[in-house]
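Okay, here we've got a single chain as structure tokens, the form predicted on its own, with questions on binding and movement later.
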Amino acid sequence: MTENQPKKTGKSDRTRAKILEAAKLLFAEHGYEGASIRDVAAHASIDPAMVIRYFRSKDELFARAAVVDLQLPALRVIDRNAIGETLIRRFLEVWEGPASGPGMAILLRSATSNEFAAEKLRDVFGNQVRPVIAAVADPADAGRRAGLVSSQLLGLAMCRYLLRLPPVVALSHDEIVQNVGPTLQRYAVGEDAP
């Protein structure tokens, strides 16, 4: 094989990918507790023992399926008055954009009933959200501000994507930006309520 030829995908890699895709779909739809190894295996059309062979445990399978990289923008380099709008637009990209994956839905659906999932969600908060928020105002207050931003966004995600509340689902992106952006702005930069 020459350097320019793509590497062939072996049967083992295809099986692993098939299991992982089934797990992503089922964890996103049913959460950690609602999706079993047998369910994943049935959806992937393989024996349950193969799931364990490739991923060792349900927790490891979940950890691989629920990978989340929010790719939050560097807020310190944008117009300070556009931080809230920037955050809500990025949120909509993560959940609805062409590159959106099931990772956040998996975590959010599962975090209320599974400590492993809750810890992964706290890790996303601590390692991705908090540092970005810390960069735009007093770092000593970053945890509180990032917590408020997260509470707003996770509440919106719960209502729009998991519970699918009709009035929230019906909101256009512009309506969400117009209504949620100012609240995120205030939370992110630490401004008091009007």
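These figures come from a predicted structure and were not determined experimentally. From 1 onward, residues are counted along the sequence shown.
Missing here is the form predicted in complex with a further copy of the same chain; even so, the following discussion is about that form.
- Stretch 145-153 is the contacting one of 64-72, 145-153, 44-52, 131-139, since its residues have non-hydrogen atoms within 4.5 Å of a further copy of the same chain in the predicted complex.
- Ile37 falls outside the set of residues with a heavy atom inside 4.5 Å of a further copy of the same chain in the predicted complex.
- Residue contact with a further copy of the same chain in the predicted complex: Ser100 places no heavy atom within 4.5 Å of it.
- Interface residue remark: Lys18 is not counted as part of the site for a further copy of the same chain in the predicted complex, having no heavy atom within 4.5 Å.
- With a 4.5 Å cutoff on heavy atoms, His30 counts as touching a further copy of the same chain in the predicted complex.
- Shown without its partner, the chain has Ser151, Gln152, Leu154, Gly155, Leu156, Met158, Cys159, Leu162, Leu163, Arg164, Leu165, Pro166, Pro167, Val168, Leu171, Glu175, Gln178, Asn179, Val180, Pro182 in segment 151-182 as residues with a non-hydrogen atom within 4.5 angstroms of a further copy of the same chain in the predicted complex.
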